[in-house]
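The form predicted alone is given below as one chain in structure tokens.
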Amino acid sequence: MKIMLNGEERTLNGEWSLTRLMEELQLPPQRVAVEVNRQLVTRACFGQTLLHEGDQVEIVTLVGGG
């Protein structure tokens, strides 16, 4: 299936949850904010949120510092 990830097309094979996507991208879930089709997804729902053909996923990495 094809999704849009931060504005770029990405092909995924098989069933993907947001948890699997975070693991593949090596992003710690506690340091990101994720929207799927313009809807904010809470971290608690990453494992239950399955991606589908044509989904638009936006991931913002949170950076600390001063």
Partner chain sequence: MVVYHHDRYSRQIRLAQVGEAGQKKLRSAGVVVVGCGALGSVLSDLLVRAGVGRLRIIDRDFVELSNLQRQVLFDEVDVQQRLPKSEAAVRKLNHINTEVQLDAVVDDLNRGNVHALLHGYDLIADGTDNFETRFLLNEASHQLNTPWVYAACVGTTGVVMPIIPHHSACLRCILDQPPPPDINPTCETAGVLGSVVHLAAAVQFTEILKMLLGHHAEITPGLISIDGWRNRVVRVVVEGPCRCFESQNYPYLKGQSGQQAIVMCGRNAVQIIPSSTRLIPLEEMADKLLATGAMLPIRNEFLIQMHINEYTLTLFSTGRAIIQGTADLATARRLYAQYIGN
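Numbering follows the first chain given and starts at 1. All of these numbers come straight from a predicted model, not from anything done at the bench.
Missing here is the form predicted together with its partner chain; even so, the following discussion is about that form.
**Student:** Although its partner chain is absent from this view, report whether residue 4 comes within 4.5 Å of it in the predicted complex, heavy atoms only.
**Tutor:** Output for residue 4 is no: heavy atoms all beyond 4.5 Å of its partner chain.
**Student:** My question is simply whether residue 26 lines the interface with its partner chain in the predicted complex - judged by any non-hydrogen atom within 4.5 Å.
**Tutor:** Because no heavy atom of residue 26 falls inside 4.5 Å of its partner chain in the predicted complex, the answer is no.
**Student:** Can residue 43 be called a contact residue for its partner chain in the predicted complex at 4.5 Å between heavy atoms?
**Tutor:** Result yes; residue 43 sits at the interface with its partner chain in the predicted complex.
**Student:** Residue by residue through 28 to 59, tell me which have a non-hydrogen atom within 4.5 angstroms of its partner chain in the predicted complex.
**Tutor:** Going through 28 to 59 in order - heavy atoms within 4.5 Å of its partner chain in the predicted complex - the hits are 28, 30, 31, 32, 33, 35, 38, 40, 43, 58, 59.
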